[in-house]
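Quick setup: one chain, the form predicted on its own, written in structure tokens, and binding and motion questions come after.
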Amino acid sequence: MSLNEEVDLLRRVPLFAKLEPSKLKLLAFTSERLTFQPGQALIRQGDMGDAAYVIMDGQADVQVETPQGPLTVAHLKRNDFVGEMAILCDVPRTATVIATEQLVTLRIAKELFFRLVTEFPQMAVEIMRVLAQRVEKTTADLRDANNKVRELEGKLQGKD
């Protein structure tokens, strides 16, 4: 993929859509292109975050560890952005991301990511929007799961 193709791809990622072309070119040029094979992890839960990733091609699953084993909580595809939470909050990774097919990514180092956020406040607004959407989805999923647990408890109590 050429530099111009990478810039076009970055322009389709909502987080970077409003960056001027010269900054997108710099981002594409200074980012590292990595390829992962099916089953290979690009992020591991518990590791410290040193970069975020843009999915350029392929798909991946986001999994969290539970007492019953890994639980898939999201699916990633082309133009998705992942890994920013650990570098923004300086906390260990909250999930593992595993390629489900050949996955091509752009790895954006923590320092470069922060420089972009500092230089482009609109990018910070987009990050907040993405994170708020994730919190809203997680809240809805928890509410649905809680309702299912209550239904099952009600059915079990009715059998006694």
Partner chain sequence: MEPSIYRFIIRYSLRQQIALTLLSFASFVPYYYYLLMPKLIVNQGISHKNVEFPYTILGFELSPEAFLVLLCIGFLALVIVQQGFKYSINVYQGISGERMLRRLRYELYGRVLRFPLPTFRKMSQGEIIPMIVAETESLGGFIAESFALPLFQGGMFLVSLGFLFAQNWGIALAALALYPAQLYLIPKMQRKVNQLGKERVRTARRLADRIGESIQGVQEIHANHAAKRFLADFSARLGDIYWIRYEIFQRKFVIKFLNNFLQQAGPFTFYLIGGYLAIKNQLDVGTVVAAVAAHKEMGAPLKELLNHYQQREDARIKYEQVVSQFAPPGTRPPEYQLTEPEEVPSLRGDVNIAGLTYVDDNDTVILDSLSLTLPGGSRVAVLGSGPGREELMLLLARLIEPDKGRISIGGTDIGPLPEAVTGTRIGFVGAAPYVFNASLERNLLFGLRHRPVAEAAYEGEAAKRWQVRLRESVASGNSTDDPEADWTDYAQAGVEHNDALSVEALRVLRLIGLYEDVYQFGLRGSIDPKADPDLAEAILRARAALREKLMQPGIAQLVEGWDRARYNRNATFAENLLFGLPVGDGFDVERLAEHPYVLQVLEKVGLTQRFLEAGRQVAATMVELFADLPPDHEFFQQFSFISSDDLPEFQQLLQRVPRDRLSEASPADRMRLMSLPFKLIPTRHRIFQIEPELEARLIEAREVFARDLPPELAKGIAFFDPDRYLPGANLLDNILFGKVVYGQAQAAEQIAQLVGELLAQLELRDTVARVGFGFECGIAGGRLSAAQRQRLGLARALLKRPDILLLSDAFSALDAGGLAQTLDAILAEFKDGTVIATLPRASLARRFDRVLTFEGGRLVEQGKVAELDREGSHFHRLLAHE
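This is a predicted model, so every value here is computed, not measured. Positions refer to the first chain, counted from 1.
One more form of this protein, predicted together with its partner chain, exists but is not displayed; see below.
- Contact annotation: Q63 falls outside 4.5 Å of its partner chain in the predicted bound form, judged by heavy atom distances.
- Using a 4.5 angstroms threshold between heavy atoms, S31 counts as touching its partner chain in the predicted bound form.
- A residue is said to contact a partner when one of its heavy atoms sits within 4.5 Å of a partner heavy atom; K25 meets this definition for its partner chain in the predicted bound form.
- Looking at R115, you'd find a heavy atom of it within 4.5 angstroms of its partner chain in the predicted bound form.
- Put simply, of T35, Q59, Q45, Q122 only one has a heavy atom within 4.5 Å of its partner chain in the predicted bound form, and it is T35.
- For the candidate set L106, I98, A51, A95, a heavy atom within 4.5 Å of its partner chain in the predicted bound form is found for exactly one residue, namely L106.
- Looking at its partner chain in the predicted bound form, residues I87, T139 and D141 place no heavy atom within 4.5 Å of it.
- Heavy atoms within 4.5 Å of its partner chain in the predicted bound form are found in exactly one of 64 to 72, 125 to 133, 87 to 95, 36 to 44, that being 36 to 44.
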